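Just the one chain here, laid out as C-alpha cells, in the form predicted alone.
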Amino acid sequence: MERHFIKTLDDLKMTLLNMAALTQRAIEKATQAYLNRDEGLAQAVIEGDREVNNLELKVDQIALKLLALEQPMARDLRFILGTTKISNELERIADQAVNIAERTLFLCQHPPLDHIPAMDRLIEVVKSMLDTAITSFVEENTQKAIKLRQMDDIADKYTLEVLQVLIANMVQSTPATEKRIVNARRSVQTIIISRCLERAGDLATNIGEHVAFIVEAINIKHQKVDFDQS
C-alpha cells in the first residue's frame, strides 16, 4: 500500500510538472506572437489551451483519489492540497496567455504601434517569475517562492509604465476621427495585454505562496517577508 501511495504521489507531481511546462510554453508563444505579430503562433496558443485544461482535471482526479483512499497526513496532505491549488494557478496563467493571443490577433490586423521598451521588460520579468515559481516547487525552495513578491513589484512598475506610455499616445494621436479611433483601439488592446501579463505575475506569486505552505506549513499570503533572508 505504501509503495502504491508513493507512486501515485509521483504521478501527481509529474502531471503538475507537465502542466507547468505547457503553461510556460503558452506564455512564451503568446508573448512571441505579440512581439513578432505572428497570427499563426497566436492561434496555436488558443488551440493548445485545451491540453492545459485536461491536465488540470487529471491533477484533481489524482488528488481526490489520494484523499479518498489513502487518508494522507501532515506533509503529504499539504502536498496534495497545495498541488491542486498550484494547478489552478497554472490553468489561470494559461488563460492569460490565451487572452494575450486573442488581443494579438486584433493587433495583427492593424499597423503596429511604436515600440514600448517597458513592455519588453514586463514580458521578461513575468516569464522569469513563472520559471522561478515552478523551480521553487521542484526544489522545494521557500526562499525562491518568497522572492516572487519582490519580482511582482517590478512587474507592477513596468505595467504602470506601459499604461502611461499608451495613455500619452492616445492623447497625442491625430485629430482625424477614424485614425484616432483605430489608434485608441490598438492602445487599449495593448494595455489589456500588459494587464494580462501583470495578472500572470500575480498568479506566479500565488504559486510561491502555495510552495511555502507545502514546504514550511506556513501561510505567507498576508505576511510581510524579509527579502534579505538567506
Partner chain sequence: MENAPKLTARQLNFYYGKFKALEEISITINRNQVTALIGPSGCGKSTFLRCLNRMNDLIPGTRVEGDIRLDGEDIYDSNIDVVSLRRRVGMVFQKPNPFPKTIFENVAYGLRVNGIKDKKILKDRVEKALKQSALWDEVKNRINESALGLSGGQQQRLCIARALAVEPDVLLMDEPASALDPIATQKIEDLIHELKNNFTIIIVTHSMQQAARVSDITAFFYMGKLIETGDTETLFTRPALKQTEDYITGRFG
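Numbering follows the first chain given and starts at 1. Worth saying up front: this structure is predicted, and the values here are computed from it rather than measured.
Just so you know, the form predicted in complex with the partner chain exists too; it's not on screen, but the next bit is about it.
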Within 4.5 Å of the partner chain in the predicted bound form, all of R50, N53 and K58 (non-hydrogen atom): no
Residue among L77, I116, L160, C108 with a heavy atom within 4.5 Å of the partner chain in the predicted bound form: L77
Residue stretch of 68 to 76, 86 to 94, 145 to 153, 130 to 138 approaching the partner chain in the predicted bound form, non-hydrogen atom distance within 4.5 Å: 68 to 76
A217: touches the partner chain in the predicted bound form, heavy atom cutoff 4.5 angstroms: yes
Partner proximity in the predicted bound form: R3 to the partner chain, non-hydrogen atom cutoff 4.5 Å: yes
Proximity of L9 to the partner chain in the predicted bound form, heavy atoms at 4.5 Å: yes
